[in-house]
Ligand code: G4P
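The chain below stands alone and is given as structure tokens, in the form predicted on its own.
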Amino acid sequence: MHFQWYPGHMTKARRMMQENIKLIDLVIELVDARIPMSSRNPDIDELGKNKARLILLNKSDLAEEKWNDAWIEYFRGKGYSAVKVNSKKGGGIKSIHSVIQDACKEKIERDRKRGILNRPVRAMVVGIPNVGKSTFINALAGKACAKTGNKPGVTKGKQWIRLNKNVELLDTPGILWPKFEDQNVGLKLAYIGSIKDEILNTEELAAELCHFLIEKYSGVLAKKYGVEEAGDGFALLRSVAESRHCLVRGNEFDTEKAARLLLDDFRNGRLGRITLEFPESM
């Protein structure tokens, strides 16, 4: 499979970020805890250089806890502030205000020495589509101030959100980068739903995911679907279709429906906590 998805509004979003970065003290980058490296946009490092940086491992409840901790250590070792959060359920959100102040302590101290007191920290929230930015902002603000959706590309324009007297947030649309140098990155983004399913071959995608799960999480598919983990990914999809009675006219097995079912179960944590990439491979 070849992965490429860069709608026109993303070009506009990148330009908007370039225009507004000078107003910002802190870049808060959300990544998906299941693929912390593949869900980072390399453009963000260039756009956010010379700014304080905070990386949030969002959807941490969907990834294995030992790998969440390993990734936090990895990013802190690179000089970033890093915290794991679960925006949907509110996990880790209460600590964010103090983390923001700590990440910007040098800026706050510089302001104090120049006689500038009580100026709020201005933070830009960035991340790829469907990583949960709007849900995070709403959880942090305690109200629905940013649009949310379970499809990539819900946030289309910028909006300033005043959290309290100490912090103002700039929400931005999710942006992917124009070309994936490594198609494995595109594959992992497709697994978690950051690339629209409508432009993908879901059976091929689900079959690839089956290969990974058999290798790294042996027994997960057998336990969930009551199937034998043998043969290739497409054979497994057929077994899942049989197990879940996914049929088309003529009692043929509907492997496309089984593929959608399996991807949905993975994305929503019904296969258990699964991490797709590991810091030692970086």
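Residue numbers here begin at 1 and follow the sequence given. From a predicted model like this one, the values you see are computed outputs, not experimental measurements.
Here the subject shifts to the form predicted together with the ligand, a form of this protein not shown in this document.
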**Fill in**
Counting only non-hydrogen atoms, the one stretch of 51 to 59, 220 to 228, 248 to 256, 234 to 242 within 4.5 angstroms of the ligand in the predicted bound form is 51 to 59
**Request:** Indicate whether residue 202 is a 4.5 Å heavy atom neighbour of the ligand in the predicted bound form.
**Result:** no
**Asked** With a 4.5 Å heavy atom cut-off, would you call residue 129 a contact of the ligand in the predicted bound form?
**Response** yes
**Request:** Consider residue 81 of the chain shown here, and say whether it contacts the ligand in the predicted bound form, taking contact as heavy atoms within 4.5 Å.
**Result:** no
**Asked** Should residue 88 be counted as a contact of the ligand in the predicted bound form, where contact means heavy atoms within 4.5 Å?
**Response** yes
